[in-house]
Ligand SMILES: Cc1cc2nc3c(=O)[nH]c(=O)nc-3n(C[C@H](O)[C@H](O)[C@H](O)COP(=O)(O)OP(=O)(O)OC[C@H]3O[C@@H](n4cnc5c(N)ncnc54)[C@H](O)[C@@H]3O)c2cc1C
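Next comes just one chain, in structure tokens: the form predicted on its own.
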């Protein structure tokens, strides 16, 4: 991922077969698909990879139980197939998640499907036991041939409250079924990128860059140094998600642009550090309806608890953040389903918001907007290359959506597909060991690292831990203020994974920020390491520090004071780890 070499290559040869705009999960997916077919493909992302909606998902990998109510049976079937593929192809990050639905009614919700079928827009009533039973029956039927996880089961009120006594006592039943969750979604994006780049020199990618109209053609602008280069694609793929109409406005400058294609909604989530709440969940996700009928989720995530989300229409995806009224709504929903659990403000250790890239819709109820995906091809600017727009899409179906767009692109280019990705393992999911403990012991023995250290690396990177452990062991290393990270590990990420800003490293290449484990001293240690790698001046370091702290405060509700308060706690953990190690 050498940025200088990529820019130099484009300056020498600006012609590419396909230019993919957008480095979110769908853009990375189609980039990988095309690169594996030998296509000369360039990916351009205006910020960092997976820094928009692909960093703000609910961390669920699911079929979309509630989409059945919209009649989106084909989407649910496709999502379940892709969920099961991810369980096999990315088993280092994707795992089964028992999901329990508290049920408060028996017959409610039966008319929702009829309402949708008739084209009415009435807000649906809450789902009762019969409607939920029917939906879970369809879920089981659609996965009957694969049967990777158990079928659903119903519990009585007594059995439910016996297992989860903190649940709202007005429930009548509960149902448990299995979906999945993803621990490191941004890292899967990076693995897709690396998979594509490894296909050969015809694949190139740049973060912090844009493509815009220039006369009768296009030019690429490097957002880091301001360099401007011509780029001549035969086809453009607009995979910018919630930014798709904004990107089209740039591509079709000085022309009447296409009609709006997107109409996204904002979803916000909180990460809560409350051990009692985490332990009470007993490893389950609680998938519940708030009193207004809005679906909410609650499940253990990286030692904390993730809870969300909202569903609010937005016009500008670049300004979304979790607002105070959304935090209040999420906490109110939590108080409804678990009335005895009290959350203190300081227990909210992180918050995030993103835009669901939904098709344009006039539906007055956001929950009714279709969640399916499709592609639309627009005629190019002044007879130039066509623009293939990827509309909609959910995280779970990124592979199949990328495959669909790539097949359309290959048809445009007259190229035959030669590699199928349906059963292709992703990144650290490759050659995944049947006996991880033996694999970890062998790698520890060959590198000289401790078994505990290699186990942490395996949890973070899957089998790619082998390369990282080798890098760490190659030269002297030193610990960082966070007991479970070292300088050599972060150096590897900076050098190998296109890290350009501190937030790239702390929010997306690692889970330090979202897990609530980031302290100010750790952030500053990481900044010093990044600055040394980049050769930054003291002034540039100060600018980066200010940039990061502003972003953490404005977007994630984590202030400099909060990070500073974590210093003492992290120091205590480091001392404990050092004594035990």
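These numbers were taken from a predicted model, which means no experiment stands behind them. Residue numbers count along the first chain shown, from 1.
One more form of this protein, predicted in complex with the named molecule, exists but is not displayed; see below.
Asks: Let me know the one among 35, 53, 518, 526 whose heavy atoms come within 4.5 Å of the named molecule in the predicted bound form, would you?
Replies: The option sitting close enough to the partner is 53.
Asks: With the named molecule left out of view, choose which of 512, 39, 47, 522 has a non-hydrogen atom within 4.5 angstroms of it in the predicted bound form.
Replies: Of the listed residues, the single hit is 47.
Asks: Could you tell me which stretch in 197-205, 375-383, 390-398, 425-433 has residues with non-hydrogen atoms within 4.5 Å of the named molecule in the predicted bound form?
Replies: Careful reading of the contacts points to 390-398.
Asks: Looking at the partner-bound form in the predicted bound form, is residue 243 within 4.5 Å of the named molecule by any heavy atom?
Replies: Yes, contact at 4.5 Å.
Asks: Might residue 556 be said to contact the named molecule in the predicted bound form, defining contact as any heavy atom within 4.5 Å?
Replies: Looking in the predicted bound form, residue contacts with the named molecule do not include residue 556, since no heavy atom lies within 4.5 Å.
Asks: Against the named molecule in the predicted bound form, would residue 60 count as a contact residue? Criterion: heavy atoms within 4.5 Å.
Replies: Residue 60: yes, in contact with the named molecule in the predicted bound form.
Asks: How about residue 354: is it within 4.5 Å of the named molecule in the predicted bound form, going by heavy atoms?
Replies: Yes, residue 354 is a contact residue.
Asks: Any residue of 472-495 with a heavy atom within 4.5 Å of the named molecule in the predicted bound form counts; write them all down in order.
Replies: Contacts from 472-495: none.
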